[in-house]
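One chain follows as structure tokens, the form predicted alone.
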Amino acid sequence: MTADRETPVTPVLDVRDLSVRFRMRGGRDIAAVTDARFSVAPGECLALVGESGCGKSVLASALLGLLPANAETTGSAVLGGDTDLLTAGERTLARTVRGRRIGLVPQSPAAHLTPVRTVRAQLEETLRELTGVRGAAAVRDAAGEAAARASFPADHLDRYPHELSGGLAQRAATALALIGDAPLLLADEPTTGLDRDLVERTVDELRRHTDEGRALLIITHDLAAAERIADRVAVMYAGRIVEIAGSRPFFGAPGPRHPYAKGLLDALPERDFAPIPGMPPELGALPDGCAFAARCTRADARCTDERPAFEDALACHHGLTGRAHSLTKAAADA
């Protein structure tokens, strides 16, 4: 009798060769994102990390269809196996994707929340729009339940956004993101401006919802938050993903394989507290070879002349170890 084979899990989000170019006046192009390739499975958190300005938030905007008119995208970003976010029209994105299939936890919840309406009023409006619940009592009860899912205190529901602390504003925004039961949560710098205690509470809350079966793509420059929440880590530099690794081997042993990723960890105060020398290149004037070569102690003539391909989850001619970090969540958990 033949043993049953394990059915492969369909990624909630599957990104292949996603590139974003901005057409500027005078014919100048800015390569904000180049050939990004990754996937996120149900119940998995992928942390996209890198220095400010590396293209992380542009990638998020591309997934949501919120790029400006001068942006051009290529590649694919398939949601749920059936919807390419890069080719879907605004009508589809607005009516069936944003809020319903992708829940956005924004960088600035205070700006995301409507300042002249209470948290309860905003939850109730979103419930009516996304779930179709009707009746004053039913909507009110559903708003309380939505708040509880994000650990937002019931006695603060009738407050306005400016009356909330940073942590409570973040929980209110998270409650809104969870209302549609979206299979993918996209958190864009959700811990910016929070103290360490609130950072840990915020990522623990997001992790709880991931463990319930949602996929989570968290975009952050906070490596401590990434280590706390992520199953896998994708490192972005100058618009390119240069390494993807399981969280445990990345933050522990054997460590990152790309010199830039190692530099990010070495710059942490709890590690070497040694900043990476130099500055990233301008996205509008990227070199022909490796964009990190000018800052890398391992760079040679090949690095200067030839851009490394992204192979075996690494874009580097001289990886720091020979050990391959798996692209699968199962191996990351091993």
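Quick caveat, the model's predicted, so the values are computed rather than measured. In case it trips you up, residue 1 is the first one in the sequence shown, and so on.
The following text describes the form predicted together with a small molecule, which does not appear among the structures shown.
Asker: So, in the predicted complex, is E51 in contact with the small molecule at a 4.5 angstroms heavy atom limit?
Answerer: Taking the distances in the predicted complex, the answer for E51 is yes, it comes within 4.5 Å of the small molecule.
Asker: Using heavy atoms and a 4.5 Å limit, would one call L283 a contact residue for the small molecule in the predicted complex?
Answerer: Output for L283 is yes: heavy atoms within 4.5 Å of the small molecule.
Asker: With a 4.5 Å heavy atom cut-off, would you call G65 a contact of the small molecule in the predicted complex?
Answerer: Flag for G65 set to no.
Asker: Is it the case that I30, even though its partner is missing from this view, gets within 4.5 Å of the small molecule in the predicted complex, heavy atoms only?
Answerer: Taking the distances in the predicted complex, the answer for I30 is yes, it comes within 4.5 Å of the small molecule.
Asker: So in the predicted complex, are F22, K56 and N70 all sitting within 4.5 Å of the small molecule, heavy atoms only?
Answerer: Answer is yes for this spot.
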